[in-house]
Each structure stands twice: as C-alpha cells, then as structure tokens.
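First comes one chain, alone, set out as structure tokens in the form predicted on its own.
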C-alpha cells in the first residue's frame, strides 16, 4: 500500500539527515518546501535531491529503511585546451591517470538492506538496470563491502538510454570507473579501486596509463586520434589519489554523434546539446593546429551532424510518420518489463512496448520512445506556424 507522502515527510528526522549529509537543517527543510528533495515511491522508498543543495549533489538518494545516502555522482568538468588546463588543474600532482570515458549511461550500484539496486544519475532506481547488475556483478562484493558504492557505465546495444553497438558487447555490460563510500561519497584511489575490482572479477573502464602532468596532453591527443572512425567517446583524466576532481576530454566524432542524435529530436534536445559541442570543436581544432583541409573537414562533419538528422525528421513528419526513438531491452524476468513501463511513466516518457520475443533464456523487447515535443513542433511549423 502506498504510504502518505506528507506523513513520511513529517516523520523525516531532519537532524539525523543533516548530520548524515553534513549540511544545515534549514537547507533540508527548504529543499522539501521547494520540492528539490522529492519522495519517490517504489519497492524501496526513498527521497531524492532533484538538484544540488548546498554540498549535496543532485541525484543523491536518501533511503529510509535502512537509513543511508547514496551520493549523486559529481559533475565532471570538461577541458577544451588540454595543455594549459591540465597544468593548472593538476598543479599539485606529478602524474595523472587516464581512463576511457565510455559511451553509455551512468549508474551507481549499492546494497540497500538485502537488495542490490542500480540508480540512474537522477537518483531513481531503474528496474531494468537493477536486474542486469544482479546478474553481472558478484553479490559477495556487496556483502564484503556494504559501505561501498560502485559507480560505472552501462554499455551495449540493449540499452533504453544510450544503445551502442561498437563495443562488441552482446547485450549490456557494466564497467566500473569509480568506487565511493556510502553516505560521504568519498572516492577510492584509482589503483586501489582497480585492484579491488580485479579481485571480484568486476570489469573496469580501460586504463591508458599514468603520465607526467606536463606531457599528458601529448599522450591524450594521441589516444583521441587513435580512436579513428570509431565512436569511442573520450577520456577522463584523474589525480591518481582522487584528491582533486577529475576532468574529461572528448573526441570530435563523439561530439558529432551526440549532435546527430540531438537534432533528430531537435525540439527535445537540440538547444542544450549545441553550443558546448561547437565550442569543443573550435578549441580542439586550434590546439591541434589543424591545416585548412582538416578545418574544412571538421566544419563539414559538424554541419552534417546538425542539418541531416533535422532534415530527415522533417521529411518523416511531412510523410505522416510519428517521430520516435527505437531501443530494446533484454531481460530474464518479464516482470522487469512491467516495472520498467511504470518507471518510464514516472519519468514522463511516452513509450510503446512491443511483444516480448523469446531468445534462449531471455526476452527481447523493442520499445518506441515518442519524442512528443519534436512531433508537435514539426507538425505545427509544417502547418504554417511561425518560429518564435
């Protein structure tokens, strides 16, 4: 039975939460009033921070039973000019560790009570991802280390968020890029974390190596260029001891792929995606000292990534098609599909689920996610409405 939200809110121990999160009590009561701290109904009841509050990251999940916090994953700053940025940011480090930034979706996995759950960046428990990690990850890790949170990337074609086929993964897999303490969010050092993951057979993102700060930009440039025509996203550059926050750097092809996706659904994503990625392209071109031919090629690829998907979308709508994104899930338990439908409704996502197809001991389900804003905007403009 669904419990009364106001009753739950009134029963929250604000003093205890304040102590757990190390923020003033008035920040918590203020967040409740503004609905920045929101109740989420589910199998495991929790409150989530929709946005950052004081030192608490957005996406932080506050579980009631047992009482604990899974801190939101910190936002990672992006460097546009590698050499000066790394010298400035990592001035107190002798070396930096460089790991791959994989192209998937960010999840945090932790033991809550007797259940291993997977939280999305927003602080929701995703039933599909939770099923996956319970098959992919050894449960004894969480029993041996109940105070740790695995932060990682879910990657593969059977993704409801970011389906990718170029990693040679059959369905969906989990790659750890960080391990943090429950409640405090304190990170583990890079090599300690990688050693611990190896002990439990848990996959980690690829480590390219440790490089002297003054020469790291050369190594990273070579790494990015070595991606060639693949859609590998980029790298994350870290203080090996994780005292300083990491920074990230992405490839041009990844930027263009993001734009291509965003402008297919231009009224849902396009504006948010556009400006930052164009800036990345400009600064990377200058830092790499590109010649006129390379600059022209970069401009052409950038322009095509924006215009071609938009043109395709407009033509589809003109022909009477409904603008939608096709994704697929692969589950062992059909109940997970029903729970995922409820989850998408909670997020306000309009989706049409196909009939499950039996494949071995699993079920494949195809989903059409409707991008209503792009549908509506395109239809009205084709009907003569002005752009405002």
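Predicted, not measured: the structure shown is a model, and the values here were computed from it. Residue numbers count along the first chain shown, from 1.
Beyond what is shown, the protein has a form predicted together with another copy of the chain; the following relates to that form.
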Counting only non-hydrogen atoms and a 4.5 angstroms cut-off, does residue 164 reach another copy of the chain in the model of the complex?
-> no
Consider residue 308 of the chain shown here, and say whether it contacts another copy of the chain in the model of the complex, taking contact as heavy atoms within 4.5 Å.
-> yes
Another copy of the chain contact at residue 226 in the model of the complex, heavy atom, 4.5 Å = no
Using 4.5 Å between non-hydrogen atoms, is residue 158 touching another copy of the chain in the model of the complex?
-> no
Tell me, out of 206, 195, 181, 271, which residue has a non-hydrogen atom within 4.5 angstroms of another copy of the chain in the model of the complex.
-> 271
Which one of 174, 128, 266, 73 is close to another copy of the chain in the model of the complex, taking close to mean a heavy atom within 4.5 Å?
-> 266
Another copy of the chain isn't shown here, but in the model of the complex, which of 218-226, 148-156, 76-84, 197-205 has heavy atoms within 4.5 Å of it?
-> 76-84
Out of 298-319, which residues reach within 4.5 Å of another copy of the chain in the model of the complex, heavy atoms considered?
-> 298, 299, 300, 302, 303, 304, 306, 307, 308, 310, 311, 314, 315, 318
